[in-house]
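In the form predicted alone, a lone chain appears below as structure tokens.
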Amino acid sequence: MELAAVGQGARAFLYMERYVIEGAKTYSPLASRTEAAVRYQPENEAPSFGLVTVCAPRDRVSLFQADPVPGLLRHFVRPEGVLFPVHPATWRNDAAEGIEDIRALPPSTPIQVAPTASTRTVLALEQLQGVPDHYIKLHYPVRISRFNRELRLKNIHNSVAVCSDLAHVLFDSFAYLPDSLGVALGAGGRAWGFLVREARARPFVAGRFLIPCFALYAGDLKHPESPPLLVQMIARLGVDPVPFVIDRVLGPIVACWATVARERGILLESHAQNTLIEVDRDMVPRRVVHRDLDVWIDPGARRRAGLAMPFLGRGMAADTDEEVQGHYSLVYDQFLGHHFFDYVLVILKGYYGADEELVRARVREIFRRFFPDADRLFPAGTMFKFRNGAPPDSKATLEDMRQAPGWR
């Protein structure tokens, strides 16, 4: 893919989501595993597929809002009921919880969508008057990577609550794609549904374009001869590679993550799939845009900051200091460091002969500057990761890697 194509906006972004992914999922033995049918996977050749929709009575759904755009709210919440989309694989799954009740509801017009990098989050393709571009995150109870991709009431509630909370983050390089509307159908914690994610970042700045961070270093499945977008960006801008990548990419990501964690107790999962770089028309990175807000919350951090806990569940579900430290390490050391920054480092070393330790040291300085009290929350001298050998249907557990952290 040519960097100039990024200026095509939504069309280019969807292409990057689906095809600029070569080599991006090698960070774990489970990263590329999927039970999704080929036709629903992002890299398949089909341009779209249809979501089944029904009209759900308003009194049978739980509705969650974080200041959605009025056109979106009107599109999904209608006088006759709530437009309720269902993934076609879930619709056909007789074992899906409550599916018979949903099949009995009045049908509505199918929605044509295209899959994105996460598979179960899809882009609505129809251009309807008054309805802005948006994504739909679906209940899709198949295993993709490590987890079964259910979307329960708790996940929906917490995603929208985090979206509302992030409106209080005032940081120049920080933005997010809002999960501004959520719907769950059914009773109790087993209820499931969908989230609507707006395609326009908040706070909005005109004349900007988005690049998924994995597309900065991944290969293009359709054009393998194209150099990585990050290499093209460095050449186009004529900049010194190492200072540019640290100052414009890695550094702002660390600063955003640390600021949100310290000030709000929200541990954004800022790996390369959930993190986007916003560039201007000259392809200069300007902000870090975060998406997928069903994340861990640190109740202790929010309590110390005098913030409420408008979230369901027990936050990080951690009972000891060691467990809290394990969660912080997993999200920063693994999701940011190993799953993302290590890949950028390969580009810097392979194309420019960068000094690995110099890059790591510079990023560590930025981390310490924005998270000066990190020693209280992170494990000393080691990192934690998900245990790879756990049975496929068991709860994910953490294990001590007994390795020194490289990025903090």
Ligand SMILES: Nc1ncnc2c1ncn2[C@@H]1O[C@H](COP(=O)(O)OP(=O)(O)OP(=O)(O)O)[C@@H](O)[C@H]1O
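No experiment lies behind these values; they were computed from the predicted model shown. So that there is no doubt, residue numbering starts at 1 and follows the sequence shown.
Just so you know, the form predicted in complex with this ligand exists too; it's not on screen, but the next bit is about it.
Checked against this ligand in the predicted bound form, the candidates Phe214, Trp296, Tyr176, Phe84 yield a single residue with a heavy atom inside 4.5 Å, and that residue is Phe214. Interface residue among Gln334, Asn158, Gln273, Ser180 relative to this ligand in the predicted bound form, by the heavy atom within 4.5 Å criterion: Gln273. Residues Thr259, Arg262 and Ala374 are none of them found to lie within 4.5 Å of this ligand in the predicted bound form, as judged by heavy atom distances.
You can rule out all but one of 23-31, 63-71, 379-387, 365-373: in the predicted bound form, only 23-31 has residues with a heavy atom within 4.5 Å of this ligand. At a distance threshold of 4.5 angstroms between non-hydrogen atoms, Lys137 is in contact with this ligand in the predicted bound form.
Not displayed here, this ligand is approached by Ala117 to within 4.5 Å at the level of heavy atoms in the predicted bound form. Contact between Ile99 and this ligand in the predicted bound form is not found at the 4.5 Å heavy atom cutoff. Ile144 belongs to the set of residues with a heavy atom inside 4.5 Å of this ligand in the predicted bound form.
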